[in-house]
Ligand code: 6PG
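The chain below stands alone and is given as structure tokens, in the form predicted on its own.
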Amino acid sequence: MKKENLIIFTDIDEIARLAIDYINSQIENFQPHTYFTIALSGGNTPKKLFKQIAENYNRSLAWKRIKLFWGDERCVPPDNNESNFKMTYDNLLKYIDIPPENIFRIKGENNPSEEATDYSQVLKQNLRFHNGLPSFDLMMLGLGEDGHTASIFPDQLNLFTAEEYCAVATHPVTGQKRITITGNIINNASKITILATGTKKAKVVSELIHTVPGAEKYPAYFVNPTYGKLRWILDKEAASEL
């Protein structure tokens, strides 16, 4: 891995400033009336990042030129504490001046199969196409201790090659249904960031970055941009076995 594709941070403000600077630099190069599209992630690290941006950088981005989507969502209503949308709303959205029409949540309260189809249409209608597929400008991904990313779990690796843009996934322990963007869309993004924090992630991070034998059992192993760039963003604990 190239050194510039790995960032080890000590302060969440470092990542907030990095994200702000990157997004602004991209928007400056866009044609007028075009949007910077972001697929957001759930999890504790994005929660801290969103809170930092809301508290210190809420006026630092041209929110009217940004469209927000989600990489996955639990099949729960938007006011449920397990909802990725609710987490984002509570920590970011209610503090920023973004037009409601620029927010495209996955409707976890709907029938899962129908919503996967509907959200596929949302992507088709609102993203630029590259390689014949919808393409995000920035795809944020988390990483589970089992190596899952988005809601693609180790026993559902087929979702990395699924033809559908979105699909229904099942949590292997709880049985909870989730809606997830599939691998072909993930890998078609211009920029992919995998955020991981904590010592519990250190082993899987090391195995993935060093591509040790057997790492292919982890879904995140298959995050491999077709034309864009991948960057790992880790705290010292997650990077402790590198």
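Here the structure is a predicted model, which means the values were calculated and not measured. Numbers follow the displayed sequence, beginning with 1.
There is another form of the same protein, the form predicted together with this ligand; it is not shown, and what comes next is about it.
Colleague: Since exactly one of T182, S190, T37, T45 fits, which has a heavy atom within 4.5 Å of this ligand in the predicted complex?
Modeller: It is T45 that has a heavy atom within 4.5 Å of the partner.
Colleague: Mark P134 yes when one of its heavy atoms lies within 4.5 Å of a heavy atom of this ligand in the predicted complex, and no otherwise.
Modeller: Flag for P134 set to no.
Colleague: Using 4.5 Å between non-hydrogen atoms, is P112 touching this ligand in the predicted complex?
Modeller: No - in the predicted complex, heavy atoms of P112 and this ligand never come within 4.5 Å of each other.
Colleague: Could you tell me if L143 has a non-hydrogen atom within 4.5 Å of this ligand in the predicted complex?
Modeller: Judged by the heavy-atom cut-off of 4.5 Å, L143 is in contact with this ligand in the predicted complex.
Colleague: Can you tell me if R105 lies within 4.5 angstroms of this ligand in the predicted complex, counting non-hydrogen atoms only?
Modeller: Result no; R105 lies far from this ligand in the predicted complex.
Colleague: Counting any heavy atom within 4.5 Å as contact, can you tell me which stretch out of 147-155, 114-122, 91-99, 161-169 lines this ligand in the predicted complex?
Modeller: Partner-contacting stretch among the options: 147-155.
Colleague: In the predicted complex, which residues of 93-123 put a heavy atom within 4.5 Å of this ligand?
Modeller: Heavy-atom contacts to this ligand in the predicted complex: nothing from 93-123.
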